[in-house]
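In structure tokens, one chain follows: the form predicted on its own.
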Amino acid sequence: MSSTPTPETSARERLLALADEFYDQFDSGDVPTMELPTRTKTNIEYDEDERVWVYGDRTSTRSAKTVSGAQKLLKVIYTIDFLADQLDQDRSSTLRELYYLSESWELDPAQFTSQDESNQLIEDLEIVSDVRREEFHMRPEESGAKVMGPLRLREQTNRGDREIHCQHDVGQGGYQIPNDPDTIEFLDNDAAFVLCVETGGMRDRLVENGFDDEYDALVVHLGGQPARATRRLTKRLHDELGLEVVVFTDGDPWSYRIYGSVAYGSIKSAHLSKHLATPDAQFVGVQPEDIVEYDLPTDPLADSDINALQSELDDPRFQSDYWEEQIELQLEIDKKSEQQALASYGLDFVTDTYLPERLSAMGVV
């Protein structure tokens, strides 16, 4: 009886199956091709049922009929060969290393001219194989995102499994999210909800004030636009542990898009929305309404801010009475504000007053 393939075996088999397709095309006398969704903003659609961004029906074809097309497919073959060997040896590498490693490849046309090119090729392989890059054992540079809160887990590492409590077994910095959160097994938790926080300063304030302990919150540092690993872990905490997810950001249009990427996915990673997006995630603030109610310190909106807000009024992710009211209010007051502006009422205001009141009004605590 054959055993169930591991994720790594499956990833390797799918990659080699792609290479086999090219060989079969050659063998039958056809020009090798590879079909991909057109990766442009005009081919991104909002799936109303799933509430996430996905690719549309438009596709483009990479063909060896042209010199440039043949070079792209050559790079695909070399990359598949490298990834298959990497998986066979149970090794891993970074996206940056792949770019430099290509310089040692035998044929000059197979080498990458930039890291953007190698990054995009890895994304292409994710799409056509339906395998995430983490299963290729490819990782970005460290994102540094961390978790603090009442959660005990088991993490698989190349030095063996280890059990960690994300409060008792870590320092003030918290537990660092691994590149592939699917290597984590949740053992037990006393968490009431997940609080995703945009800035490191606010994350540190919440931890220093003991917010995670007092409210049984899992505080996840987003670190600005959140990395894939951060969004994947957040989705797993929601889906597998049944925890509500709330997102706490600055009060500006770019921060609202950070919330949007957690909740609905991003255009860049539309092919991974089913793995990364948490559509039930809620926005806790800073709201334009808060800027007015608390008379927070502010900066005027730049032209780029105004354009972004107006764009969000037409963005399917923000098509609700709540967001329409908040965005129109922000355009009216012509102001934006940061999370740290809440400190104008004292260092304890955010944990003693602002978040408890907002989360209570939302039914989270």
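The numbering used is simple: start at 1 and walk along the sequence shown. What you see is a predicted model, and the numbers here were worked out from it, not measured in a lab.
The same protein also exists as the form predicted in complex with another copy of the chain; that form is not shown, yet it is the one meant from here on.
Interface residue among Asp182, Asp216, Glu123, Glu155 relative to another copy of the chain in the model of the complex, by the heavy atom within 4.5 Å criterion: Glu155.
Note on contacts: among Glu293, Asp116, Asp85, Glu208, the single residue with a heavy atom within 4.5 Å of another copy of the chain in the model of the complex is Glu208.
Just one listed stretch, out of 90-98, 124-132, 234-242, 258-266, contacts another copy of the chain in the model of the complex at the 4.5 Å heavy atom level, and that stretch is 90-98. Shown here without its partner, the chain carries Ser104, Gln340 and Leu347, all of which come within 4.5 Å of another copy of the chain in the model of the complex through at least one heavy atom.
For the chain shown alone, Glu289 is not a contact residue for another copy of the chain in the model of the complex, no non-hydrogen atom being within 4.5 angstroms.
With a 4.5 Å cutoff on heavy atoms, Asp204 counts as touching another copy of the chain in the model of the complex.
For the chain shown alone, Pro279 is not a contact residue for another copy of the chain in the model of the complex, no non-hydrogen atom being within 4.5 angstroms. Another copy of the chain is not drawn, but in the model of the complex it has no heavy atom within 4.5 Å of Gln71. Along 162-180, these residues reach a heavy atom to within 4.5 Å of another copy of the chain in the model of the complex: Arg162, Ile164, Gln167, His168, Asp169, Val170, Gly171, Gln172, Gly173, Gly174, Gln176, Pro178, Asn179.
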